[in-house]
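The chain below stands alone, shown as structure tokens; this is the form predicted alone.
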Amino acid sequence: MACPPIEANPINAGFGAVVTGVDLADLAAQTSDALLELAHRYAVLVFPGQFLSDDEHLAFARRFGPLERALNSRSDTRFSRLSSVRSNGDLVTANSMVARMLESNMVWHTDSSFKPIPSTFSLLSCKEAATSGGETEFADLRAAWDALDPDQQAHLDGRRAVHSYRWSQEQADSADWLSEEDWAALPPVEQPLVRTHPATGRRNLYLGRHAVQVVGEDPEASRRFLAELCDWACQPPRIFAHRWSAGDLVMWDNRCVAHRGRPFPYGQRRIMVRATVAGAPPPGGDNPWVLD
């Protein structure tokens, strides 16, 4: 029996799409190519009810490039596991280190912007969903750039911002979850405030909670400016929220999308697993965060 065609139903005016008619555990090469085209068009793809195993999740992520290793050298380097359930089965309690780390993800950000070569795609899979709350919100930073007037665009174009993961985790009182060895591999880096997507040519803002200051400008004033710009960019009509169900997988493009988690009550189980596709290095260079 022939498989049904892939369907992509837009979520929010060309930003985000729910994709059906595809089995992510069993893809032909041409189907992967078609999904990549959809990812470039919509920036966020929601795949309901996939129920991927860890190996299937990793195999699907690798279709879009080599994986980026996780931050913590003491954990599984292939995945970032975002769970309210500890390895012994106990639930995470309020004000614990794990809780503060999870809460830090509830501020708008792009994954790996604090690395010299940021990631491309994140692929987040839901093993167990909270019964209330716990949504993930996405913001289209392409549409935010388009909404700026020419003078505003000219003011931002060419500027760079310092991104520091340590600084952003310190704001959430969760820096202790990494060792000094881990932090040594994560010094602050500079990123352009405006990026051009290499596949589509579309321009977009590039900012979030890891952006500490604008290079060459007053640290405190530019920090306030970046926070205000991010708050403005991540507003309707440029956002949507995904309500998770077990088995869902969502893939998004960190080069042009910001995201944040939403709160859910302590005492609820929520288990999420993320694989991340590493960014491509410049010609002749390398990316030390690529998994072997």
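Note that residue numbering begins at 1 and tracks the sequence as displayed. What you see is a predicted model, and the numbers here were worked out from it, not measured in a lab.
Only in words, not in the display: the form predicted together with a small molecule, which the text now covers.
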Against the small molecule in the predicted complex, would Pro66 count as a contact residue? Criterion: heavy atoms within 4.5 Å.
no
Tell me, yes or no, whether Arg142 is in contact with the small molecule in the predicted complex, where a contact means a heavy atom of each within 4.5 Å.
no
Contact flag, Arg255 vs the small molecule in the predicted complex, heavy atom cut 4.5 Å:
no
Does any heavy atom of His109 come within 4.5 Å of a heavy atom of the small molecule in the predicted complex?
yes
For the interface check, one of 24-32, 230-238, 40-48, 258-266 should have non-hydrogen atoms within 4.5 Å of the small molecule in the predicted complex; which one?
258-266
Verify the flagged residues Arg62, Thr120 and Ala280 against the small molecule in the predicted complex: is each one within 4.5 Å by a non-hydrogen atom?
no
